[in-house]
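Next up: just one chain, as structure tokens, the form predicted alone.
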Amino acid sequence: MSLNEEVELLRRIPLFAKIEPSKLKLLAFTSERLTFPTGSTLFRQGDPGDAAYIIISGDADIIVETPSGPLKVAQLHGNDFVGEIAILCDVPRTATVQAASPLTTLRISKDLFFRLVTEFPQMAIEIMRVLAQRLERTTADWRAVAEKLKQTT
């Protein structure tokens, strides 16, 4: 994929849609393109957060460790963004991300990510919107589980 193709890919991601093309070119140039075969791990729950990833192609599973063993809680697809919680909150990774199919990503280092958020407040707003949507979806899932538990007792 050429640098211009990566810029176009970044423009399709809401997080980066309003960033000027020259800055997207810099982001594409300074981020690291990585490929992962099916079953390989991008990062593990508990690891330090040193980067975020944009999925260019393929699917990835989000897996959390539970007392009963690993539990798949979501799946990511092309144009999805993952790994930002650990670098935003400076906490260990909250889940494991594993390639569910051959996966191509752009890895954005923690320093570059914070530089972008500082330079582009619109990006910070978009991050808050994405995180709020995830929280709402998680809350709805927990409500559904609680309702099922009530019905079985």
Partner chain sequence: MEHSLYKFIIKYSLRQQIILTVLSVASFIPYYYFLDIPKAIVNKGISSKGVTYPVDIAGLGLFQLDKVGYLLWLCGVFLFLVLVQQAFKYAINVYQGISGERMLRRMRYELYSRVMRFPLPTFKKMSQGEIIPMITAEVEPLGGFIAESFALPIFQGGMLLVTFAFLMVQNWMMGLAGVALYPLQFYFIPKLQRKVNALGKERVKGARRLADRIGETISGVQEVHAHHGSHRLRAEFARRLGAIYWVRYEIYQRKFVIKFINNFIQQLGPFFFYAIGGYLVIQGSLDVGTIVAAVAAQKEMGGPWKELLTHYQAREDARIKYEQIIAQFAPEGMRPPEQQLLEPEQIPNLNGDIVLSNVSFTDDHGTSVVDGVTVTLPNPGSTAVVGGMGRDELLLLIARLLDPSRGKIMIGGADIAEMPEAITGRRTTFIGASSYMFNSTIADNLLFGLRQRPLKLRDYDGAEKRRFDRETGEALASGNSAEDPAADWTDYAAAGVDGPDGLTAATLKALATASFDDDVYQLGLRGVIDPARDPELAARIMEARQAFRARLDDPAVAALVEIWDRARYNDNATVAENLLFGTPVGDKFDLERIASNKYMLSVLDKVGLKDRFLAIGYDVAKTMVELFADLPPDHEFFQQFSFISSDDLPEFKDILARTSPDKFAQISDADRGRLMSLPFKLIPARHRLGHLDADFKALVIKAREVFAADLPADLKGAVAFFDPEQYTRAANLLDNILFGKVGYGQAQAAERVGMLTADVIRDLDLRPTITQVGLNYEVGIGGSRLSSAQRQKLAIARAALKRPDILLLSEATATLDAATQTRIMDSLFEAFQGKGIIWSLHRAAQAERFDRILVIADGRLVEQGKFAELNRDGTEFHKLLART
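As the structure is a prediction and not an experimental result, all values here were calculated from the model. Only the largest set of C-alpha atoms that superpose within 1.5 Å between the two forms is called the rigid core. Positions refer to the first chain, counted from 1.
One more form of this protein should be noted, the form predicted in complex with the partner chain, which is absent from this view; the next part is about it.
Candidate stretches 105 to 113, 86 to 94, 124 to 132, 63 to 71, one within 4.5 Å of the partner chain in the predicted bound form by heavy atom: The contacting stretch is 105 to 113.
Partner contact for L3 in the predicted bound form: the partner chain, 4.5 angstroms, heavy atom: Yes, L3 sits close enough to the partner chain in the predicted bound form that at least one of its heavy atoms falls within 4.5 Å.
Any of the heavy atoms of V117 lying within 4.5 Å of the partner chain in the predicted bound form? Flag for V117 set to no.
Contact flag, S22 vs the partner chain in the predicted bound form, heavy atom cut 4.5 Å: It does: once the partner chain is placed as it appears in the predicted bound form, S22 has a heavy atom within 4.5 Å of it.
At the 4.5 Å heavy atom threshold, is T38 in contact with the partner chain in the predicted bound form? Output for T38 is no: heavy atoms all beyond 4.5 Å of the partner chain.
A28, A99, A51, I54: which sits within 4.5 Å of the partner chain in the predicted bound form by any heavy atom? Only one listed residue qualifies here, and that residue is A28.
Neighbours of the partner chain in the predicted bound form among 60 to 94 [non-hydrogen atom within 4.5 angstroms]: Nothing in this stretch is in contact.
Any CA movement of 2 Å or more for Q122 between this form and the one not shown, core superposed? Yes, Q122 moves 2 Å or more.
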